[in-house]
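Only one chain is included here, represented as structure tokens and corresponding to the form predicted on its own.
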């Protein structure tokens, strides 16, 4: 269980990245959604003890990320968005070195490395240079590093950014195999729908909405998205409304484009209208 209470992060230049944010997270996979600059990475860095908050608190399994930082690091693993592989090192090298750095005894490293690599279908390429692997497999190496640690909670900051569709599917598949609690940040709505038991949408450092995917999409039951010359929402010059299927048929004749509702529409209708920026 992760409990976040009135969390604030204000930088020296006055910019507020996290703004009085309160959350309780406890699902197996939670996706934190938001456009670039919404505060996702700052929130992850605070939760994973990499960044000091200005005020407020984060409690993970009863441990405060500021007061009990060392103890928190023993039970979490964090893979940042900008992490890069060491080209000539193999997947096995990456995992074993990571476990050494975390202080795992030598007697347990071989077994833990093999188990993680097998779980993510990387054992067959364990001795290949990581630079020769696909983008998806390289990201899976980092996931293997995280799960080999035996962490209770894994933080992944935009794990599929820049990957092609096939590589993205590879990473999604590997994450679904994990049995710990996973917090994923992303700006891909389809990624959140595919992976998560719960989604949290944030904008300008605040929580916009939180809930299960089906629960949130249920708000639009019986309705579709209509884009045309008029609408209830204006996003970047695009007029959007949510109408019944019967009305949608009439709007098609007037030149409207009709689409299925996605998590993006939850964001738009829940106060995340700054997407227009």
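Numbering follows the first chain given and starts at 1. None of these values were measured; they are calculated from a predicted model.
The same protein also has a form predicted in complex with a small molecule, omitted here; what follows describes it.
Peer 1: Look at the stretches 30-38, 228-236, 246-254, 63-71 and give the one with heavy atoms within 4.5 Å of the small molecule in the model of the complex.
Peer 2: Every other range fails; the passing one is 30-38.
Peer 1: Spell out, yes or no, whether the shortest heavy atom distance between residue 194 and the small molecule in the model of the complex is within 4.5 Å.
Peer 2: Because no heavy atom of residue 194 falls inside 4.5 Å of the small molecule in the model of the complex, the answer is no.
Peer 1: Wondering, does residue 25 line up within 4.5 Å of the small molecule in the model of the complex on heavy atoms?
Peer 2: Residue 25: no contact with the small molecule in the model of the complex.
Peer 1: Taking the small molecule as it sits in the model of the complex, is residue 118 in contact with it (heavy atom to heavy atom, 4.5 Å or less)?
Peer 2: Judged by the heavy-atom cut-off of 4.5 Å, residue 118 is well away from the small molecule in the model of the complex.
Peer 1: Is the gap between residue 17 and the small molecule in the model of the complex 4.5 Å or less for some heavy atom pair?
Peer 2: Heavy-atom contact with the small molecule at 4.5 Å: present for residue 17.
Peer 1: Since exactly one of 241, 49, 42, 210 fits, which has a heavy atom within 4.5 Å of the small molecule in the model of the complex?
Peer 2: Partner contact (heavy atom, 4.5 Å) among the options: 42.
Peer 1: Sort through 181, 158, 93, 198 and report the residue having a heavy atom within 4.5 Å of the small molecule in the model of the complex.
Peer 2: Of the listed residues, the single hit is 158.
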